[in-house]
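Below you'll find only one chain, the form predicted on its own, shown as structure tokens.
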């Protein structure tokens, strides 16, 4: 097992040197905090990750949850872990003071969760699913519901979940069938099924609280008729006890990876007594749920980045220690073998991993900083920042997820045959990361969201803000000799993006919507590469300035590493845009004209 799974030096570079998290403390909402507090939060995450989560990384994979008569038993340590997260205030750390939170910026808390995810992704899911559910209630639920459920979730006593998916519908929420019937007692009766609910049942807590979407019996058809409900496994009684809420777990799914956290199937209302409490207004549930879903999508990107980062450091450690072969120019077979990190192709593989992981983490922290500035910053900046965050969300979810798989695979390749064996963590990390392109909306859904919604929203304003942000970065980089060529490359790629978008937009204007969206996933891939190039140009710009003032070898090596990773991305990854551009320009509808029957043997 590798001893290192994250770089605190890199985290603090991204948080402080790039995103200037200390500036958030000037906002009244964050004014009680400072860098010392932020560092304490990060150091605590590293200690918990190192002492508690990482030692159970393999154990939770091999001794996965067991299902018996509606109950799921998980690793016994998880009850201690949930209690520790509650006692430390980590589940509700970025919630308002008035709700028991600490108002820690999301910029810092996403790094906290990233450290947990790199140490043990399965374990990290339990507390932070609760964070999302509780924050959603704080935003939209009644005070009574908040007071009943949020303190117990934040204390780690109750689990919070998000329950959307149904067996017959998958991602098609239009076809939602779970039904809520009105009563005169202040609650609804619910009947239906949900599947793929993360941590939807387990014995590490005393209760499970589901944020669940359903259709009220007389609601409009389609997504306009979706409402949001709080649906506990056990409902609280007036005397403080808990009683069954006619909600049972009927199955748990056996998975490729991410085995330490159960994914469940739920059935509600078998006996006609599953009570559900409405959150907010009727038929507004999808808009409420999208707050949690969008945060969860950035969280999925963070989780994928965390797993890929752990794989990078495992492969980096191995390549430093593994001696094999000699320099290509060495003629004497009697000379000592060299560490494989000295071979050019191994350095290429390590640079690929670093480019993906550190570029992805840069984007995740940037998005989290946008969330903080939207929440606490000047009102006049809010709309612009919200549009930018909306545009970046499908990219922040997808690029780390899809490319993270390739990054972990490359790490496995660095180890050769050992990487394929469970003696080293790469094979588990490879399995664990595969869920991320599926979690919270598949890559295809993210592509249609980006091209079909985000590019066109408000007459293209979000896209224009995105372009303006990248252009500002390019202008700064042009004045830095070491990366001026990269600045020029990105400027040309950005111009090409605008041309491609106009071409595709022309199809939409002609009413050819199917053709417009046929290759939306490729468009997302294209924009993902542009976005990573932007993040790397930004990192390199800051690093080049810092290099001029370095007074230690360690700092010099760190910033030089950033320079080379940026060069790598622009010379190896950015050229991939040309193939994507060629395909997107053609728009010949090949996949539309292909008939299902042609797939027959």
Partner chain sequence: MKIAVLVKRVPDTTSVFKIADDNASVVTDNLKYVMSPYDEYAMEAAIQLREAGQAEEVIVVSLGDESCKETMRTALAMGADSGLLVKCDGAGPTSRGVAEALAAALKNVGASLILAGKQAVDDDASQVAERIAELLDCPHASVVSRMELVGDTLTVDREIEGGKYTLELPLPAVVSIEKGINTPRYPTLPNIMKAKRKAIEEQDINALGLDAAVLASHITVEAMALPRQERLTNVLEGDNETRVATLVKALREEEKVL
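Numbering follows the first chain given and starts at 1. These numbers were taken from a predicted model, which means no experiment stands behind them.
Although not depicted, the form predicted together with the partner chain is the subject of the following passage.
Of the residues 544, 555, 63, 573, just one reaches the partner chain in the predicted complex with a heavy atom at 4.5 Å or closer; this is 555. The single contact residue among 93, 176, 363, 483, judged by any heavy atom lying within 4.5 Å of the partner chain in the predicted complex, is 93. Proximity of residue 87 to the partner chain in the predicted complex: non-hydrogen atoms within 4.5 Å are present.
In the predicted complex, the partner chain lies within 4.5 Å of some heavy atom of residue 104.
Although the partner is absent here, residue 97 is a contact residue: one of its heavy atoms lies within 4.5 angstroms of the partner chain in the predicted complex. Although the partner is absent here, residue 26 sits far enough away that none of its heavy atoms falls within 4.5 Å of the partner chain in the predicted complex. Only one listed stretch (531-539, 560-568, 47-55, 63-71) carries heavy atoms within 4.5 Å of the partner chain in the predicted complex, and that stretch is 47-55.
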